[in-house]
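Before any questions on binding or motion, here is one chain by itself as structure tokens, the form predicted alone.
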């Protein structure tokens, strides 16, 4: 449903800035009915990619297909099958919930019984039923986000793009929004691509894509990505991080990764972490602040993939 082929985007040089490549020969696919999350550090190119997918920017080279339509030559066809929830609010906060939905329906030529049917279907999952006459700026952040999603769902999109839609929401509102989004995605068979930097949001999706410096570093299921760094990992906080990293490498022959003030020994199989931990304790106890064994999460995958690409904070091999 989303087919990106050899996409490149270069921002031209300005008076005081050189030309900058935001996306470099990127290819990626999101299959029909998949829920995919796109992530990357600041400056990774994910915002540029999102703008291109939405039709807000033209790439320097490459092709993008949405539901079988060419985004560059058939933009009107793409808009018919795609919905977008932007990070910045795209509702009029001075109007009521009902007025925002009516304006959106009018933009898409919906009126009468068909409009009311789609509006009611789009509101069915929300907590907005008794708040239709309430102005959006009086709603909580979570309810305002529900208005955004209900508005987009009125056009029954086949492909839904969301740009960090949970930004600014409290943990309960974030969970409720995501739970509803997953239910709707499955019930409607939508293809969803959502940008996010919160990896707790990615555990239940079909695929996770990670970008850095305009390139796609990883794109796979959450389970497969976690398996990249083993089933267990040893995490150490040291009194002198760099000194202990050198000692573990030179004296014990261990591959160590420095992540902030932590040392990590990754790619460890189940059952092998405990003997390794005991060995480190036996030799280096006085150098440690703490040592533990953990199962890797997607946040660990993110650190592993993005730091490996730039060889950042890595000691050993």
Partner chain sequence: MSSLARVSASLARREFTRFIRQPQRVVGTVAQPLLFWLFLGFGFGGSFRPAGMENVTYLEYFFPGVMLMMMLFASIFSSITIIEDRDAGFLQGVLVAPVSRLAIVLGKVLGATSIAMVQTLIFTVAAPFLGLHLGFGSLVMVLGGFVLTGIGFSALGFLLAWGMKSTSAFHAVMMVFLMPLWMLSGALFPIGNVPAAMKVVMLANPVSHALIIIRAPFYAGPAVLLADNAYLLSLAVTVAWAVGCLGLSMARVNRRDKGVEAA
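Residue numbers count along the first chain shown, from 1. Small disclaimer: the values here were computed from a predicted structure and weren't measured.
Although it is not shown, the form predicted in complex with the partner chain is what the next lines describe.
- Residues with any non-hydrogen atom within 4.5 angstroms of the partner chain in the predicted complex fall in just one of 281-289, 58-66, 255-263, 31-39: 58-66.
- Though the partner chain is absent from this view, in the predicted complex it lies within 4.5 Å of a heavy atom of just one residue from 243, 72, 98, 200, which is 72.
- Here is the short version: of 90, 180, 132, 224, the single residue with a heavy atom within 4.5 Å of the partner chain in the predicted complex is 90.
- Though the partner is left out of this view, residue 165 does not reach within 4.5 Å of the partner chain in the predicted complex, counting heavy atoms only.
- The partner chain is not drawn, but in the predicted complex it has no heavy atom within 4.5 Å of residue 229.
- Mapping the unseen interface onto this chain, residue 156 falls outside it, with no heavy atom inside 4.5 Å of the partner chain in the predicted complex.
- At a distance threshold of 4.5 angstroms between non-hydrogen atoms, residue 111 is in contact with the partner chain in the predicted complex.
- Residues are counted as partner-facing when one of their heavy atoms sits within 4.5 Å of the partner chain in the predicted complex; in 71-87 these are 71, 72, 75, 76, 79, 80, 84, 86, in sequence order.
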